[in-house]
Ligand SMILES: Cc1ncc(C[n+]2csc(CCOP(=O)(O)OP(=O)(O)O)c2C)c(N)n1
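Below, in structure tokens: the form predicted on its own, a single chain.
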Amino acid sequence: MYTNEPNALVVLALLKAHGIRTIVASPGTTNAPIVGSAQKDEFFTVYSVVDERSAGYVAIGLAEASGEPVVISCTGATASRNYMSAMTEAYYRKLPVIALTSMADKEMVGHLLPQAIDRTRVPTDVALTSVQLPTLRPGDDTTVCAQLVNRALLETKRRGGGPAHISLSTTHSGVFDVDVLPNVPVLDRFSVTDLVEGRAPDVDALQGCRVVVTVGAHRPFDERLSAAVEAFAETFDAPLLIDHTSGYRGPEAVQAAALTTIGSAPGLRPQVIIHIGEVSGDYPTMGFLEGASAQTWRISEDGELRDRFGSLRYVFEAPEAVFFERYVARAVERGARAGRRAFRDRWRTVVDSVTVPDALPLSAPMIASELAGRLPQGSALHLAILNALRHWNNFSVDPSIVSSCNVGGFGIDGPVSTLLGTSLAFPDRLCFGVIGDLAFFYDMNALGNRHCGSNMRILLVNNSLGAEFTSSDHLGRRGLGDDVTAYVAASDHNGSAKGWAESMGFAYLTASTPAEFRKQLDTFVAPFDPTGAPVLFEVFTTPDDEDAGRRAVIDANRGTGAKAARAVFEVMPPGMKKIAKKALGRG
């Protein structure tokens, strides 16, 4: 029988899942749950060594001779300190020794309790990674615990391997009444060599599944990556879900954020998510994929376990193009033929069916809907978080336009300065920025920089507060009502940017009505004139109009996804309907 302590059960289950059999145990109380469980399981081979210094070196000999990871297990007090010498040896020889140091709850550290020694920081050359497992009790969620254990175990085999440290707390339950180890998520990491030599998951794991490729913030795709991802989309009928930070503007792009207006649509949920890129500001699509119950394959050269959707299964520590090329090649070897479009067409039809009402009030969604299609070819676009990015993600721009947003740290810092940097990198292109008033005034000093050039065009949406926080469904508005404006939304701080902009040599445009906005658009998007002045276009909106504009777009598209799905299904021939049902998981 196994211990009833959930964190110890997670460790045992994942040791078995990763094929780690050997444990060198030293005596103690806090490690009794893990040792007492392992000694009853025939999967494990347990050796007893009283002296922890000696135990560490016994593990060195075992790991070197076998080439397999070895666990060393000790109790609290100074026992873990005695592992230092052997772990240092393992570090410099890249030997996979896993120090599993048990203790009472880490919250007891620093309160004069016996045997409560701080293990939160270890020397840099005793472990490749050190994780602190949470104290759990029966019934607690084990997700975070499993992530941490997977990370530590995988690190012992990564980039030549080496030692890892797991700090395991105990509740001192002393109960061994669990007869089956829990089913916990097992993560695997694969290298470029694994991909090339065929040790990565078989292509059959993708064929016949509903697959999507989702791209977070990403540098512009080069020709190789574009060709590879497009071939993958064709081969596996995989929609390529992007937003304005994704760096891809090719024919397979699906501006998926339209889900914010239609809510969802039947038949869009994938079974496998291929995840590339970094942080995404496309909240609707990310939320939709979080609820998809799909397996996630993460491809990134950093090889880190980044579980954006709570369903991570594989990590590929490899260039993205290599991953896509290898899986397409394998599928072709198996006789796969490109051209299936049922799943891609379903996504594109639903997203393209979103409409914008004709009479929107002057607001961020109205500005995005009318300006997105007017931006000149070859220009650059920088969007501030959060309202600007959210609304612009619902509209496509010309494929030649480079677009970005500071979604890494995801704060209001620096949008004007970032636009300035972009304009310096692209001196012969028009560089547009769409920025709300809080973010603009936070970074307004960038207008005074002597490098500001005539290719800068700033659209300032000024509603005198953070409109994000005053929308009717925001938790601040729901909880505080009109009181949300004073502090949460920070109203009435800055006034107009007119005087500052003009004093800095910017041409100033302004609008307070839809008609005034449209009248100024021709000037704002006029062709680049190197002898001209940079432009600031200040558009004054109100919080009520912002909320009304957002709600109008949502209401106009309520049920659109289902309608579009039915429409495309009805025009299919009978044979295609059968294929579509299977692709949608209904056949």
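This is a predicted model, so every value here is computed, not measured. Residue positions are given as counts along the sequence shown, with the first one as 1.
Although not depicted, the form predicted in complex with this ligand is the subject of the following passage.
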Checking A446, A342, L509, L465 against this ligand in the predicted complex, the residue with a non-hydrogen atom inside 4.5 angstroms turns out to be L465
Among D413, E278, E234, E370, just one has a heavy atom within 4.5 Å of this ligand in the predicted complex, namely D413
For this ligand in the predicted complex, the stretch among 86-94, 311-319, 404-412, 162-170 with residues bearing a heavy atom within 4.5 Å is 404-412
Should F176 be counted as a contact of this ligand in the predicted complex, where contact means heavy atoms within 4.5 Å? no
Q.
Is Y442 near this ligand? Define near as a heavy atom within 4.5 Å, in the predicted complex.
A. yes
### Query
With the cut-off set at 4.5 Å between non-hydrogen atoms, does N387 touch this ligand in the predicted complex?
yes
Problem set entry | 4.5 Å heavy atom contact, F323 and this ligand in the predicted complex | no
Restricting to 434-454, the residues within 4.5 Å of this ligand in the predicted complex through any heavy atom are G436, D437, L438, A439, Y442
